[in-house]
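Next up is one chain by itself, shown in structure tokens, the form predicted alone.
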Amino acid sequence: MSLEAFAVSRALSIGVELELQLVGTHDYDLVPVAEDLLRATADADVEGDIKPEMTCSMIEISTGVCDGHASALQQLQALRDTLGSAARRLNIGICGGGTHPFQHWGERRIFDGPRFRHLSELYGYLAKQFTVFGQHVHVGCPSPDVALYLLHGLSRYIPHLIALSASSPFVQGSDTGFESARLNSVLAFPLSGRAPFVQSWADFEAYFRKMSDTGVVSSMKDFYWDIRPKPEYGTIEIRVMDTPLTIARAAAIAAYIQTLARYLMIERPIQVAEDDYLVYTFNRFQACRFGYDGTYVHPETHEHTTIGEEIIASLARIEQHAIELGADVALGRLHSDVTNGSNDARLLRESRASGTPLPELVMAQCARWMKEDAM
């Protein structure tokens, strides 16, 4: 089986996908109401999509093609408001967060669709354990070779994105000690982790043919890599982020990714190499476990800093690109959060430490999701 051709897309355009939690308003546990919500929003006149996900207690919203931060934020707000209106009629709550803090995977129900049934048959209980919630961002690429350069260049920033989006400290009623426990569930799947190091699309096509010949994969959807090419869209897709607790934070993180991509594409500041990945798994783990306080090992110099310090340094490097894209205000808010040591995981953990029961924590997440300007 051959890989489909790399589509034409607008360079540096972005698209944002968010997987969301559906909860009951009596106990704030997950409830299997995705089908009801999809029916209630089927006729909504809104740009973007509202789609099912692996289990019936999840929903996904996705923007159309966006020029930058402002259009992504506007589309996400409209999708949020549409879902929120339908959810109130159905007496359910919707919230962000990378994991639900006390749901039990065995109670989940697979959404009735051909691909979801196939994945359930293939992966067994892992499919239900995949009731975790992430943010994915697509970046338009002018050519497939540029897409691969961006894929490998952005791999250096995976810890930054994990720490900025971390919102999954609790799993099945317990504090995991991680800021992003969600990614531990993703790593259970084969073909997860990092993409192979190839720099030309011809070499990538050859790699795909080899994998296809083994019978292990039939399309790019079978790869659960942290960053993967999406040739049908002409994009790369960054997949490591937890779903933030607010639309504003999700849009700001998408703007950070777009600005990093512009910096890499225009300045070509690094020569990507296989050795960049020597520290990849270590840096990724440190971000999941400790967030901003995790250790970041520079792929070239091997210098050790904190992930928070490296995020601040990256924001300084890309400042002019942020201004050109109109993303400087959004990235300034991220800068303030890193300086103050603030992210969603820490907000949730602090609330829990103050004595908030987990159901009330989820109730607060639902309220926060609907706040217009909350970061």
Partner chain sequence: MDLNVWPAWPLHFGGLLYAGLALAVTAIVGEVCRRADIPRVAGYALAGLLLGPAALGWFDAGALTTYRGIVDLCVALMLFELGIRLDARWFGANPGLLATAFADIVLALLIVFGALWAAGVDSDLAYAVAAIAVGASPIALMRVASEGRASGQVTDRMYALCALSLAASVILLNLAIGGLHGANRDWLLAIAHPLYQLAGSALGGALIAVAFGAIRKRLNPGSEQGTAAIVAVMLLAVAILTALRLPALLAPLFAGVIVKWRDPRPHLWPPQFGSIGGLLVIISFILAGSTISLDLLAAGAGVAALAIAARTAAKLCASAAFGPATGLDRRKSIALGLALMPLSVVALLQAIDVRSLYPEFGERLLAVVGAMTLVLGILGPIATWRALQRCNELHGGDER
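A quick note: this is a predicted structure, and the numbers were derived from the prediction, not measured. Residue numbers count along the first chain shown, from 1.
Below, we turn to the form predicted in complex with its partner chain, even though it does not appear here.
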query: Output flag, Pro101, Arg333 and Asp337 jointly within 4.5 Å of its partner chain in the predicted bound form, heavy atom basis; finding: no
query: Which of 306 to 314, 36 to 44, 325 to 333, 338 to 346 lines the interface with its partner chain in the predicted bound form (heavy atom within 4.5 Å); finding: 36 to 44
query: Contact of Asp27 with its partner chain in the predicted bound form (heavy atom, 4.5 Å); finding: yes
query: Close approach of Arg115 to its partner chain in the predicted bound form, 4.5 Å, heavy atom; finding: no
query: Contact of Ile92 with its partner chain in the predicted bound form (heavy atom, 4.5 Å); finding: yes
query: Partner contact for Arg88 in the predicted bound form: its partner chain, 4.5 angstroms, heavy atom; finding: yes
query: Heavy atom within 4.5 Å of its partner chain in the predicted bound form - residue from Ile50, Met54, Val31, Cys66; finding: Val31
query: Proximity to its partner chain in the predicted bound form, single hit among Arg80, Arg108, Arg239, Arg262 (heavy atom within 4.5 Å); finding: Arg108
query: Its partner chain in the predicted bound form - contacting residues of 49 to 79, heavy atom within 4.5 Å; finding: none
